[in-house]
Each structure stands twice: as C-alpha cells, then as structure tokens.
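Below you will find one chain, with nothing else, as structure tokens; this is the form predicted on its own, and questions on how it binds or moves follow later.
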C-alpha cells in the first residue's frame, strides 16, 4: 500500500464524536474524596488491570509482587510449576501477615515469616507447624485467595472479581486485536522510572493523553519533532474509540532536523524521533497507509494504562491511585537488547531524551492539583484535539454511575 499523508484538520469532538458533547467537564472527579472511593469500588476493583510482563516471571517459581492501594491489596503474581501464570492476594490465611515481602524473586513455595505456614505455587496450603493443635482444621479450606489473571501478548492483567463479567480478550476487544502481533517480547531491554506525584491519577493520565501541550511543554526536548509548519499545534491525524479504551496517532514531522547527538544515535538504532522506513513492523491496523508522518501510536487501555508503539520500541505509562491527591506514576521504555556499543549509545541517548520529556510532563501536575483543590475553577474547558480526555471522563462516569447494573457499551468507533 502506498504511503499517504494525514488529514490534520479534523475537528474530533464536534465532527467525529459529537456524542461526547462539547460542554466543559467538571473538575470534581479530580478533587472529591467521595468520588475517589466510587472509582476504587466500581472501577479498579471490577476491571482488568495490567500488572507486569511474562518476561518478568519466565521460569516456574518466578514471582512479582504488586501493592495496589486502589484495590486495597497486595498481589503475588507467580508462574506455577505447570507454566500457568496465577495471582493471589498477598496475605497468609493464619493471622493475615504479608506473605511475600520482596518485589520479585523465585521460590518453590511461599512460607510466612510469622509462623511458617507454607503454600505451593498453586496457592494450596501444604505446611502448618503444630497442625494438630488446630481444632477441626482442613488445609484445603485455607489456601491463598486467588485473583483472576489472564495474559495478552505477554502482558499480565488481573481482575479482583474472581468471575469477571468479561474475559481479558473481550475487555480489550477490537483495540486488543488491533495491537496484537507487535514484537513486544523481542524488546526486553527495559528502562524504568517511577515517582509518587501529589496529584489525582486522572490529572497525570490527562497530561499524557493529548498532544495540544507538545509545542509548549516539549519545545526544548522535542523541538519541531511532532510539530512543524504543516502542523504547528500537533493536531491528531487519527482518533479511534473502542468502548472504554481509546487511541490516537501522534504526528511526526518528516522534515525534522535532528541535533548532532541525535543524528549519531540515528546511525545505530531506532528512536522515538526518527522517521523510519521500518514501518512494516507495526500491526496492519496501526498506520495502515504507512504514512511517513507517523510518529507513534498512543493507546489508553482503561482505566490507567497508556501503551505507545512505534518501530523498534514501545513504552508505557501507568497511573496507580494512592489517594484522591496521590498517584504512583510508572514509566517504562522497551528496546531490543543492544548487540554493540553503537546500539547501546542509541538507547541511552533516547532514554535520556524520554526522561527529560517525561520530567516536563510530570512537572505540571502537582501545581495543577493544588490549583484545582482551591475550587476557583470548577470545570475543564477542552478543545477539539483533547477528545481523548473528554472520552476518558465520559467512560469513567459511565462506570461510576452504571457499572453496578451493567457494563458500559462495548461499541467500537473508528475514524481515519
């Protein structure tokens, strides 16, 4: 298929998705403690949440631990001796002690530090010291409490509901099918950043869900990389809505002139800023025309995961609610393992630029939260290119108001 340039003049909110409305969006969900509790109960404890990659638990007995305040729990995610990935609440059945204390590890069984109750990799209780002193005791009734766990393309998701209303495949729907087939598992060289931000999780999510800020916020780290004379405000070339999920294409300036250091990095490896000819690495439905104006694909998997893909790399942002005004932000960049010094230099250079850009993004969030908490302004005023944010608040409201009766619509909308 011949490459094509994008239409950069779409009025997304009014022209393509008028059902989302055009009115200002209330700020209350970002500052209300009551709303935060509803989110925890009706969103985070009901939907599929991304918690790790299968590469993190390659062998039987390998495990990771995720502390998730939004689910009021800590989880163990472990690969069993049968190769199956399982998840359990990280709590001993005896007196409620935390069972696994390290963030990751490998073991043949889990043994509690308090009284040495021991569990196998399937969660069954297999050892109880002085067991005869427990009255009417049956080990089979005191195993670890399981949590639903399923995988997609090597991504591990969990669901606090043991009998979820949807399988993970059904939940991801057409977005999952669209993003399938990308070589995620080949890109295992990981660069990770995380910090606790003094803001609501949606304030953080919003900052990464639009490109209207690029020309202002990233003018130093990415000058005219995602903008240019044909797209001065980084208009979105493509937006698609997938039930609770959403995606957009970020424009890449084909005439961008790299800095001297970036030009050297381009000689040895892929880059977020490099306009590459390796577009066929993308899944067929991502940039299907193989446009040279494609920079990367931005995908928001409801509620709190952003997944970007582009040739040679992929990266994620995840936003874990701690309280109404505290969020754990995690940023991860993935590359193919470097085979020589040149490729390693390219990766290190790109991760420095990514780090700087992410610092620019997170640098606005705490001030935003502080200002919103004053309640001087009660609504956000969103423009046409901030359609992903408008969709985000609409979907969240649907879950908070209606999820206890039935899941929101799984309708799929796409526009090219």
Partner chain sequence: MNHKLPGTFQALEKFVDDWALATQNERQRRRAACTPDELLKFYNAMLPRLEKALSYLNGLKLGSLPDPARRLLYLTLSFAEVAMFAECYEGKPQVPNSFEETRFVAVGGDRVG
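This structure is a prediction, so every number in the text was calculated from the model and none was measured. Numbering follows the first chain given and starts at 1.
One more form of this protein exists, namely the form predicted in complex with the partner chain; it is left out here, but the text below deals with it.
Novice: Looking at 83, 96, 260, 284, which is the one with a non-hydrogen atom within 4.5 Å of the partner chain in the model of the complex?
Specialist: By the 4.5 Å criterion, the partner-contacting residue is 260.
Novice: So which of 162, 133, 185, 341 reaches within 4.5 angstroms of the partner chain in the model of the complex, heavy atom to heavy atom?
Specialist: The option sitting close enough to the partner is 341.
Novice: For the three residues 195, 353 and 356, which mark the spot I'm curious about, does each lie within 4.5 Å of the partner chain in the model of the complex through at least one heavy atom?
Specialist: Answer is yes for this spot.
Novice: Picking from 263-271, 296-304, 149-157, 71-79, which part of the chain touches the partner chain in the model of the complex when contact means heavy atoms within 4.5 Å?
Specialist: Result of the contact check: 263-271.
Novice: In the model of the complex, does residue 349 come within 4.5 Å of the partner chain, counting heavy atoms only?
Specialist: Flag for residue 349 set to yes.
Novice: Can residue 54 be called a contact residue for the partner chain in the model of the complex at 4.5 Å between heavy atoms?
Specialist: Outside the cut-off, so no.
Novice: Find out whether any non-hydrogen atom of residue 360 is located within 4.5 angstroms of the partner chain in the model of the complex, and reply yes or no.
Specialist: Output for residue 360 is yes: heavy atoms within 4.5 Å of the partner chain.
Novice: So in the model of the complex, does residue 329 come within 4.5 Å of the partner chain, heavy atom to heavy atom?
Specialist: Within the cut-off, so yes.
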